[in-house]
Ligand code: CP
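Single chain ahead, written as structure tokens, the form predicted alone.
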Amino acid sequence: MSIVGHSFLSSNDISVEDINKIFTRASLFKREYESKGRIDHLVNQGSLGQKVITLIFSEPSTRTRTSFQMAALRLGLRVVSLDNMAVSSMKKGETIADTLRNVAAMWPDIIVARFNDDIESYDVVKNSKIPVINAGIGTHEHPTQALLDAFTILDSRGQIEGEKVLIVGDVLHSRVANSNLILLRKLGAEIAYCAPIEFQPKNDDWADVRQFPDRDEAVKWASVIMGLRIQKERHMGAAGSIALTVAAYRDKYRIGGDQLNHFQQDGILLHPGPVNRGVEFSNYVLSDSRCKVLNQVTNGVFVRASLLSFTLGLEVKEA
């Protein structure tokens, strides 16, 4: 595979062939865990050795950080986690870029990193001799989220090619949306978005993407709806974003029961989390059988376990 021993920083870094191999192994891991409660017995212990992954998270995370930890431990890997910057040397003034350099100098087998927009830090991970997995970098990309989203679509819908994926919300500031646009298009899905003008994407990748001004019309078009959180922490200096109230957003862009009445019966709803209940999705939507948000969380463990196993070159007993 082209990803063995290499960093995974963007959805552009991975081929369709490699995606399919990751999904096949993720499905194996999921089935095996459901039947036996473990997956480490599938890993050749000789290839596992004493491999260590290091998590460096300078931004908050629940699902991504925990699922990477869970995935690594399920495989039998050793995990070193640096996710509280208050107890790191960043508290003393060290930059995230220097933190990354110093951790890489300890020779972990993989670094899983999350940090805000920072040109120097991004240069460090791009040029790292240690494989780095992007666990969410600024507003750029979150490629492992895109992998688990695509896997969930495949698992729930039986296909990705030809699916109509509607992305709703703060697309402008969403690394998840950017990675999904690249990955899902690569796999043959059709992408569209619905967002207030303050949150519409401005980079060239989105220039030819269909934009729905009307939420209800968009819902009727879609087979998959992906909600996005309003990322207030990234709105500093964006006067237009500040002018948009939560109430105004909710009125025109929240997916609620009225929208589900127009959504196809076998469609699915996704959200990368955290969900602000009543803002992006109503409580009613979150309890609907078509909502696969918790399935995404479950799938994230097995997709990330699969990615780690391939990146590390682990020998896995396939079904």
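Because the structure is a prediction, the values reported are computed rather than measured. For every residue, the number given is its place in the sequence shown, counted from 1.
FYI, the form predicted together with this ligand isn't displayed, but the following is about it.
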item	value
All of 162, 220 and 223 with a heavy atom within 4.5 Å of this ligand in the predicted complex	no
Proximity to this ligand in the predicted complex (heavy atom, within 4.5 Å), stretch among 27-35, 41-49, 249-257, 271-279	271-279
Contact of residue 290 with this ligand in the predicted complex (heavy atom, 4.5 Å)	no
Contact test in the predicted complex: residue 63 vs this ligand, heavy atoms, 4.5 Å	yes
Partner contact for residue 180 in the predicted complex: this ligand, 4.5 angstroms, heavy atom	no
Distance check, residue 145 to this ligand in the predicted complex, heavy atom within 4.5 Å	yes
Sequence-ordered residues of 104-125 touching this ligand in the predicted complex, heavy atom within 4.5 Å	114
